[in-house]
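What follows is one chain in structure tokens, specifically the form predicted on its own.
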Amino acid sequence: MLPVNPIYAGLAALPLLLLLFTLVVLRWRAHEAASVGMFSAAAVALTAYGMPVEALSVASAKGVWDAVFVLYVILPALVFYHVIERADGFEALRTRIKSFTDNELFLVLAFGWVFVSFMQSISGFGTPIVVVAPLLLALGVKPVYSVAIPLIGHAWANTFGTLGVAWLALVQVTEMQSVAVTALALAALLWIPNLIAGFSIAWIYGRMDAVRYAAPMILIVSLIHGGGQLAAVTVIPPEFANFFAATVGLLALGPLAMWDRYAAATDAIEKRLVMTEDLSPAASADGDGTGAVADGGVATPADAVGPDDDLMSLRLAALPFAVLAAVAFVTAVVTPLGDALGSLRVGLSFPEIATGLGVVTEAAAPYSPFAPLSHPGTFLLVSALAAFLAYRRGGYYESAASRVDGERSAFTRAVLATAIPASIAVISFLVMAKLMDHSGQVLVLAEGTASVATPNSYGFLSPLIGSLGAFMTSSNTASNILFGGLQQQTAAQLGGISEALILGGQSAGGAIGNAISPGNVILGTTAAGIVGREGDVLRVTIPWVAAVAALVGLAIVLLNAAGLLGVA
């Protein structure tokens, strides 16, 4: 019998608290903090939760196997980044895009909220962050914010994005009283993080001046995003709802860019907190500039020393991103092609394990099979190869090298210098998550919360549980699989709370939690060339996740009290 009491709940929370303390307070690098979390989870599992060494080995091996899935995004993402950077592709993007409009806030919202949401609608698994973080960096956004902004901007799109993978997982693991009502409740709740994301990005950019200036654009786009998704789930399959809304939102950027309000630079915003102060090399010396890049050089305004005429065209600079989006889109919507690519799957078999407290994890054969041909990592490699061939043919590597003072480190060395610490962090995070899951620590935390809750307080807390699942697993889908059934059962036991709202809170919380999921954060810092600054990113996104999850929880309580969306 699994003991659900304050002592065991405190022990289960210890690895998470140590992880957050070392990351956020002590500002340790991710691989150092993750190692502390992993070893503390193992110690708690062995000493307090009765996990045999054999079971600990199996859980750890599953965590390492799960890491392969993420590492096959990180390494190609690094290759993708350096292939573009060494041809000054990011500098070309920044320069060419700004020739259309100098309105920085419009561009930051366009990339960090609208485009990243569109990317999430067709391809998840961190790909949107990998694509958009370097684009924001190229626009002159400080590295930490170039990661934090897309993490916040894409969160709302997680559940119905990626053609509804997380939603389908929730449907699969629960026997919903009404799929339609649950989809409606979830879409309504997801409108909250969407709207808050727009205003939050504006606030981060330039506080209230920016919020007031961007408000019309934010309200219009959020009406399309949130309202469009809410309407779409009632008339089309929910798994396509986010793609519909995100695509319309992307198309709306054209008319908005022609609006006089956003067509040119503005002097209505006094502070530009997320932007590099100027385009001189000195701007990178403030500790938040481009000097944090692993190989000591990065395609940012600070490196722009040559005339614009030497840079590639916008079309060529955007080529790798267009190829990536096209490959992801085609394989997602052309089902026979996607099925054919996904037919090659590799997986490992693991035996059943049990702990001394009676937590049994069934055997898996194969466990979490890996489809390399339909994986985002392959898409990134294809896009990087296309860019490399095009840039080399155009002679852009030679011209970029001529603009750099001194010698750059070798390509392989630059990739590995970032990949090694990122890999250690990812493996440690996922081993920690598996140890906590298979030893019963996650269940104790969730059931402990439920045991002391009332219907209203549980409704308020349900998004936080979903966020915890996303933080633990770096996935909205995995969070729904992990906690979907538990949340449904708890709602039924408590009574007086809408099942649809609780399941909506679970998945909305899981979507919001993607803004702090270690996998996504590390992918972002890797793509932006600031591995080791994950704690700085989390100091921006953790308060956002906590606040938005609380607002979603409050909405659940109010909707339930009003008798809307299926009161139990």
Partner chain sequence: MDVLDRFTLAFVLMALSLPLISYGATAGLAALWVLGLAMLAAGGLIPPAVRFTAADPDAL
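Positions refer to the first chain, counted from 1. Just so you know, these numbers come straight off a predicted model, no measurement behind them.
A second form of this protein, the form predicted in complex with the partner chain, is not displayed here; the remarks below concern that form.
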Checked Leu219, Val173, Met176, Ala417 for heavy atoms within 4.5 Å of the partner chain in the predicted complex; positive is Ala417
As a check of understanding, the residue in Val537, Met38, Met51, Ile530 with any heavy atom within 4.5 Å of the partner chain in the predicted complex should be identified as Met38
With the partner left out of view, is Pro351 within 4.5 angstroms of the partner chain in the predicted complex by any non-hydrogen atom?
yes
Though only this chain appears here, would Ala446 touch the partner chain in the predicted complex if you measure heavy atom gaps against 4.5 Å?
no
Within 4.5 Å, heavy atoms only: does Val44 come near the partner chain in the predicted complex?
no
Indicate whether the partner chain has at least one heavy atom within 4.5 Å of a heavy atom of Phe69 in the predicted complex.
no
Any idea which of 77-85, 419-427, 243-251, 377-385 reaches within 4.5 Å of the partner chain in the predicted complex, heavy atoms considered?
419-427
Going through 34-67 from first to last, which residues have a non-hydrogen atom within 4.5 Å of the partner chain in the predicted complex?
Ser35, Met38, Phe39, Val53, Glu54, Leu56, Ser57, Val58, Ser60, Ala61, Val64, Trp65
